[in-house]
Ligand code: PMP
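The chain below stands alone and is given as structure tokens, in the form predicted alone.
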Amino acid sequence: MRESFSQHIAWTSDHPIGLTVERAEGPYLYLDDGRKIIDLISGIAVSSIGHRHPRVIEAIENQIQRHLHVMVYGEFVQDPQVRFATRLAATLPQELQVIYFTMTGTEANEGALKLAKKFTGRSKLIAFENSYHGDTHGSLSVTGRSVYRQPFEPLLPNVEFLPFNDPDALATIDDQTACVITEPIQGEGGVRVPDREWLKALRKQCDQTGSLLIFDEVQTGFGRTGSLFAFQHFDVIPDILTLAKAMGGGMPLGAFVSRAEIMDVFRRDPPLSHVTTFGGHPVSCAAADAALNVIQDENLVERALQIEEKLRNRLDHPAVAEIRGMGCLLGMELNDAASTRAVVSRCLENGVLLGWTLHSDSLVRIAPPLNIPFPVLEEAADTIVEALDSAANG
């Protein structure tokens, strides 16, 4: 298996983690060598209700018995899409009621950028330093770290990057700006939580200039930050919301959401201005509907805040410079890259999977399932503290 992995699977780093997963259940990954690993990164914020939740599996099995793909997106009335879209819209404000399903988060962001340009008739795009919006050409164009953009330039023209959480920079948003795209909480940029006043000022500047505000909640959505969506913490509603990762309950699914006035521009000049073959796949939508039910029925949004409190208390350690984030999206900042590698490596050896973010080699990503049993969380915290002790003692 490993030889075929090295020969036929395209690697994106010289040193992939390389675990061979036999199965996954709840908060655990079960490996081919007999080990059981506590997954504290949830497939990068995907498995927010754990792996293979029984209600999601049941929904998948039921839909498989009915049909798989039947037509490109938006042409047939498919019950799983309609049912989930209705349920999702009920959780969102009136300004966000029309949903376009995709397969991935970067595809959702691509659609959102196109939508903003077509609705406004403008071409200037504003994004923020250290942001991350995906690796396809449009999403990469508004990702705020040049090391990832430079190998693929030229990308989209007329993109400007502003410092995140800096109110003085917002005057750059003007009447030539089609949209401003930001994560309400930067994830890959180091788990950075902005000031509430800054997001309100950003919303005001967009309103004054007629620019659309896009919130990328691909990573922060569906309860991870201790509210169903992160924008709810700040009392700021975007014009376009993008979603993915946890939405599908482990199945591939993304979406961008707006109001009818904006979304209607894809219907004409020309018709079919934005199409996708597999977006809103019926099996993924059935899984997503079940996953959202689980989040609501099991009060997992509230539970994310309880997990945050427990982890902050347990990880108050001399080797930890800072813990940033909200709910179950936390970044544990250590003093240097070497100790960070040592802590992550030691935790994996002792049965706990952690990770880095793309933009930092000294920040440990901690993003457990929202329903991780508290005894399992305590066991994982013990392992992390032991690794921190080891790093502190050299």
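A residue's number is simply how far along the shown sequence it sits, counting from 1. Because the structure is a prediction, the values reported are computed rather than measured.
This next part talks about the form predicted in complex with the named molecule, which is not shown.
Asks: If contact means any heavy atom within 4.5 Å, which of 151-159, 114-122, 191-199, 212-220 contacts the named molecule in the predicted bound form?
Replies: Heavy-atom contact with the partner occurs in 212-220.
Asks: Using a 4.5 Å cut on heavy atoms, which of Thr177, Thr106, Gln78, Ser284 is close to the named molecule in the predicted bound form?
Replies: Result of the distance check: Thr106.
Asks: Please identify the residue among Glu110, Asp239, Glu183, Asp289 with any heavy atom within 4.5 Å of the named molecule in the predicted bound form.
Replies: If I apply the 4.5 Å criterion carefully, the residue I get is Glu183.
Asks: Even though the named molecule is not shown here, does Tyr132 get within 4.5 Å of it in the predicted bound form, heavy atoms only?
Replies: Yes, Tyr132 sits close enough to the named molecule in the predicted bound form that at least one of its heavy atoms falls within 4.5 Å.
Asks: Taking the named molecule in the predicted bound form, which residues along 224-245 bring a heavy atom to within 4.5 Å of it?
Replies: Only Lys245 sits within 4.5 Å of the partner.
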